[in-house]
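Presented below, as structure tokens, is a lone chain in the form predicted on its own.
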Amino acid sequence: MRNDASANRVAVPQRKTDRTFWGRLANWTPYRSLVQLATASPRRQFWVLASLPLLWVLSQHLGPMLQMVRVSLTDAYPVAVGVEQHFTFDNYVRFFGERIFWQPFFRTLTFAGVLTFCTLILTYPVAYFLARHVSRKNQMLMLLLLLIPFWVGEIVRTYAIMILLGNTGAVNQALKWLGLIDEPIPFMYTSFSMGIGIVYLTALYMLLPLYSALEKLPKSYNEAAADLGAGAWTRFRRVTLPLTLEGISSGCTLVFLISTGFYATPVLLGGPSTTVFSETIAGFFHNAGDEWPTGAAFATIMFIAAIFLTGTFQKLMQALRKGDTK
């Protein structure tokens, strides 16, 4: 009986997935043992998933920064053959000892702060309208339209601003057509043109966090405040603004940090009176190798200053958020 049953037994065909490379790999005993070992606990699963992102951050972000700090502490880079490299703090001392570098440094921080505030004022109404007055089915379409200019690079968009603000650009032509001016206004190569360019380039980084914060704000909060007799300004000041401080904090941090590092836009749109610190830093890297450590030191100083200011701003915004929740 047992032999008859085995004779009548039909062989199970091999699944198609078992014949592929990944199917054979999944059935390979060493591979299965390794997977079971790596996923035996939630902690191991976390480290397996986090290993690649951590490697990316360490190699592509933290690594170059540490290399820049190392170069800033040397007397020459790259080192010529047969020349011994020495570590020194003279590159940092040079910044604090020569006041000629202070003006573009503080001008950069001032420009970044003012332009961050201007970007916030300009984009907050746009984000509010998009999140509160546009239907959900059209919000993604509107966001896509706002994203279109950012599909091209920084330099292309900067040249667009140059064409717009030039003596024969659209702005001057429109003012002439309206009869407001007889001669073109020299917008270019001024603080105004550079500010317009930077605000245009950074608007998206402010808009998206603001939109996200406003979109998550329940409309019932404003409706309840209106039922209690609060006017439009009071509802904005006491309800909308405090509950969107997190979006304001994120957007301002992004715009400020990006604004301190712009190089191409100030070079193309600015003039002699608008030289920023990134141009000063680039000047050292355009020289011989013995100036590279000075440029690295100045870049490190700007990075530390920007991180310190944004950290202080974050602490202030955190205190405001805690104060509003009490």
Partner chain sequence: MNRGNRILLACSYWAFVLYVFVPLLLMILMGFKDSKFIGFPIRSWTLDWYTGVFSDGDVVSTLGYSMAIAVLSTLISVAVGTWIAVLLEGRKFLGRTTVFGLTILPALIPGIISAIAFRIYARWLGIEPGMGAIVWAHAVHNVPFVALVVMARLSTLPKSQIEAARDLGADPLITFMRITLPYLIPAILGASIFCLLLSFDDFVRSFFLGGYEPTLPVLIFAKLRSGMSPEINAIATVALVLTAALGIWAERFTRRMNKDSKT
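Positions refer to the first chain, counted from 1. Bear in mind the structure is a predicted one, so any value in this text is a computation, not a measurement. So that the term is clear: the rigid core is the largest set of C-alpha atoms that superpose within 1.5 Å between two forms.
Separately, the form predicted in complex with the partner chain exists; it is not shown, and the next lines address it.
S.K.: At 4.5 Å between heavy atoms, only one of the stretches 209 to 217, 179 to 187, 87 to 95, 166 to 174 reaches the partner chain in the predicted bound form; which one is it?
M.R.: Within 4.5 Å of the partner lies stretch 166 to 174.
S.K.: Looking at I248, L146, A76, L73 here, can you tell me which has any non-hydrogen atom within 4.5 angstroms of the partner chain in the predicted bound form?
M.R.: Of the listed residues, the single hit is L146.
S.K.: Under a 4.5 angstroms heavy atom criterion, identify the one residue in Q60, S273, T29, S41 near the partner chain in the predicted bound form.
M.R.: Going through each option in turn, the one that passes is Q60.
S.K.: For I161, is any heavy atom within 4.5 Å of the partner chain in the predicted bound form, or not?
M.R.: It does: once the partner chain is placed as it appears in the predicted bound form, I161 has a heavy atom within 4.5 Å of it.
S.K.: In the predicted bound form, is there a heavy atom of the partner chain that lies within 4.5 Å of any heavy atom of F129, even though the partner is absent here?
M.R.: Result yes; F129 sits at the interface with the partner chain in the predicted bound form.
S.K.: Heavy atom to heavy atom, is F313 within 4.5 Å of the partner chain in the predicted bound form?
M.R.: Because no heavy atom of F313 falls inside 4.5 Å of the partner chain in the predicted bound form, the answer is no.
S.K.: Would R99 count as a contact of the partner chain in the predicted bound form, using a 4.5 angstroms cut-off between non-hydrogen atoms?
M.R.: No - in the predicted bound form, heavy atoms of R99 and the partner chain never come within 4.5 Å of each other.
S.K.: Can you tell me which residues in 256 to 277 come within 4.5 angstroms of the partner chain in the predicted bound form, by heavy atoms?
M.R.: In sequence order, L257, T260, G261, Y263, A264, V267, L268 come within 4.5 Å of the partner.
S.K.: For A264, state whether the C-alpha moves by 2 Å or more between the shown form and the other one after rigid core superposition.
M.R.: Where the cores coincide, A264 shows only a C-alpha shift between the shown form and the other one that is less than 2 Å.
S.K.: So that I can tell if S33 moves, could you say whether its C-alpha shifts by at least 2 Å between the shown form and the other one after the core superposition?
M.R.: Indeed, S33 is displaced by 2 Å or more.
S.K.: Is the shift of S273 between the shown form and the other one large enough to count as movement, that is, does its C-alpha move by 2 Å or more after the core is superposed?
M.R.: No, shifts by less than 2 Å.
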